[in-house]
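Following this are structure 1 and structure 2, which are two forms of one protein chain, each written alone as structure tokens.
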Structure 1
Amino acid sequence: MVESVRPKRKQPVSGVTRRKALVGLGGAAVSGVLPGFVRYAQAQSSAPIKIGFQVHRTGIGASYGRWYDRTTKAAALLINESGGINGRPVEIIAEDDGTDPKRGAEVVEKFATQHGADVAFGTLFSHVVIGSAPRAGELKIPYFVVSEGHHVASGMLNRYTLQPGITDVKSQVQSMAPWVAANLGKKVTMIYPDFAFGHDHRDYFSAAMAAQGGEVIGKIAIPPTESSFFKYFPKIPRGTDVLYHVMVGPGVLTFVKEMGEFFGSKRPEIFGFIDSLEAVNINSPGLEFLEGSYFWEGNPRYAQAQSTKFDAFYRAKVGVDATGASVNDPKDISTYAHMFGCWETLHVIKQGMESAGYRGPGDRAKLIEAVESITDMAASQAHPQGAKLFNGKTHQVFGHQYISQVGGGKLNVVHRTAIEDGFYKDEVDYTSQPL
């Protein structure tokens, strides 16, 4: 089925222009002197498929970066063990983006022009994605992001940027509203960071709640750089049934603890997004107050009775135990709700490359078209989080979401949304843009 072409001799993918010849000359002249000037051979059919992996190793995203890294390596290993892509091994070229949009763009450039990577992939934080995407589009290198931001589907980016591995925030938030309204209460107060990400939560959840006959009665935006939250709690209006919280950054433990100190035993229902507690043990001192509260999870951290064999397989391969911690260190908690996106995205890249008959950077446009034509993804080893539906026009995938309740020191899934719960009207048709 997979056609493997292995020409015997090197051949440049595109024609050699005068400039490129000069470039090569200059490159050769300096490559011996400067380590940064090493010229990489053009991709050829016998060589590995190079996947540039933009990773948050330093900066505020480092907790996520570590686990994105592990998941990606595990997925690449699995793909290579089972024959690679089009018979060629996958090589992951990882580089730190410092969780910074400027450096992120530079790293994408480096993948495209220095390493001769076939595709770029990886990063989580939206500002890094948005800072890098224009460069990916200009360099015409497919850029697969695992960010859960709405930036891809909103139409802000370009045809070369895709998010096939994780549902976007608009869809996530919208699919939570019916359950929250039906089970927790209709009057919601939202506490969110005064970031674009927080504003997305505010806007999409408010709209979705209104559609359910509910109402968001309090909107409390926490400024960036805040490290103490107690003084904001009095702004929570009386009559709040549900407190909806989404925080990003290391301040979350403080947030929860102070919430506990503020409310004591008389608390409203609490519903939160796990984002802030990724890589944090739910049994950490100070988090006792979360007992009985609810969380959105992209993928349930604790193995559930109803978990699939695919999930078990995925856990084993990445090295995560049934509590979501590293098998080597039970104190090392994964970012389980998000990192599956890396695993699944790599498998989508594989699927796309194989159906496009991808041979090298000259086939990047074909790869984009091949991925755009994907629709259904069945739950499988390649998609352990569950079945998904990819929208080729908006470049965004839609999947199931989970709601878990904290109980007995675990997160127990109480609801799984239908994929359709997260659908919304297309806001862009990237396929109409030129490749």
Structure 2
Amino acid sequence: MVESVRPKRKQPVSGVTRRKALVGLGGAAVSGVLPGFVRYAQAQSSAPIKIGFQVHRTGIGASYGRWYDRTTKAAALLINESGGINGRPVEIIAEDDGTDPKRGAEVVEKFATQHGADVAFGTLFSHVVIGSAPRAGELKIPYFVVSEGHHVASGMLNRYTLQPGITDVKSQVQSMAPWVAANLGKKVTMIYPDFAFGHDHRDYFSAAMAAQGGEVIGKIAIPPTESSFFKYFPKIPRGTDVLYHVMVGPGVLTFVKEMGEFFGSKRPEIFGFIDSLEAVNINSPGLEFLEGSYFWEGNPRYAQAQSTKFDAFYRAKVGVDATGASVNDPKDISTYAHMFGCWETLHVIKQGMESAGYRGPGDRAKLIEAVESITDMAASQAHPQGAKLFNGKTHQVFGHQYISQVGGGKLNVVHRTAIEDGFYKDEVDYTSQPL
């Protein structure tokens, strides 16, 4: 099923047509007195930039997909209100990939061959990215993913696949392992989903803890479609100082509740990735045991005293309140730690297209090269999560990470990493590959 989100044309009011308005403005518009109006008028008279949005509407990624969708629409609306891209409006063409690798590849092909999309964008779950990226490379359609997996920067994929709006797991865990080792303990048991994203956590956090003199003494892989978890907890080795958990999918609330029932008041330190609680209210019954535990957040769900004006602007535009819930429904909790990646990636696409003078699919190679030339990304309305550095060789962005503690029914930031904490040696140079 395809959903096309087209920019709305402004309707004439009070009998004033668009043509009359332009004539009436005369030289004022030409001289630049009202540049916003001129850009808007130009955008409305030009063919749109078509962005194929590969969205997890169904499957285990559906809760993320719903908020990725809201964030993407909000970013596209803002871009269009500001004159579009190169004077052309943005049109979002959404296709559900079912959080399935095979369907993901089919969706990418539809964008390129049926919808005439300029780029493909938005994919989250790593196994879907890995299944889709080869087809994007074959079709030579730029594929901007919002995934976190290390598969882009590892060199596994191709020059047409980029991740410029969200950091990857290797960078995230490397940034936080020193804090975990220094503050929580050095003997860790990991619980993670049994697919590529979870394997990245297993491999890179194990290495990061070893570099801190720590050790992962237990590794428990769980099928991502599992619905009950009690049978896994007895596998946690005695002597575990820290239980590290990262779960995804519709069973996350059950997972966290059952973890609390298993441990009761006697538990090790708990450090989780917020993936285990994305789209879940931390004040849900059965989660009281999380008080005092810690979570990684890509972007703090709760507005903090030190939150920037850019975060406030972004919250307002996507319709999220200070607690991370929808402004229209306090029970509708956002995937705030991840969905900013859609907002920021769309702004990177805009920056790249404008730098490349992008006109259409014939300029796709120029777009790739323009994005590869980006380095510093300042904190701004386009980058509300914070400043970042983009590595054009590896097609991966690096940014700040946040560690928050559950306290008083809120997530309170206790540590923000430096960008350079997440740096690692390049494993690929995509710019050496042909376009």
Partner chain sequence: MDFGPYFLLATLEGAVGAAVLALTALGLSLVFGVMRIVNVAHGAFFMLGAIIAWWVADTLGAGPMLSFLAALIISPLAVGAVAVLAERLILRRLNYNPESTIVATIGLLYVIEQVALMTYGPDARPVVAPIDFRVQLPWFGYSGYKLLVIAASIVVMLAVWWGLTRTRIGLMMRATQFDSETARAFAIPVDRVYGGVFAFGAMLAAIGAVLVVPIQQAHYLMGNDPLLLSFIVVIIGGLGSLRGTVLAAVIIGLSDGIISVFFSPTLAKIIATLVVAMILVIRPKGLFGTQSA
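Please note that residue numbering is based on structure 1, beginning with 1 at the start of its sequence. Predicted, not measured: the structure shown is a model, and the values here were computed from it. In this text, the rigid core denotes the largest set of C-alpha atoms whose superposition between the two forms falls within 1.5 Å.
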The chain seen in the form predicted in complex with its partner chain is the one numbered 1
Core-aligned, does residue 307 move its Cα 2 Å or more between structures 1 and 2?
-> no
Does the distance between the two CA positions of residue 91 reach 2 Å or more between structures 1 and 2, the core being superposed?
-> no
With both forms fitted on the core, give yes or no for whether the Cα of residue 340 moves by 2 angstroms or more between structures 1 and 2.
-> no
Students should find the CA displacement of residue 224 between structures 1 and 2, rigid core aligned, in Å, to be 4.9
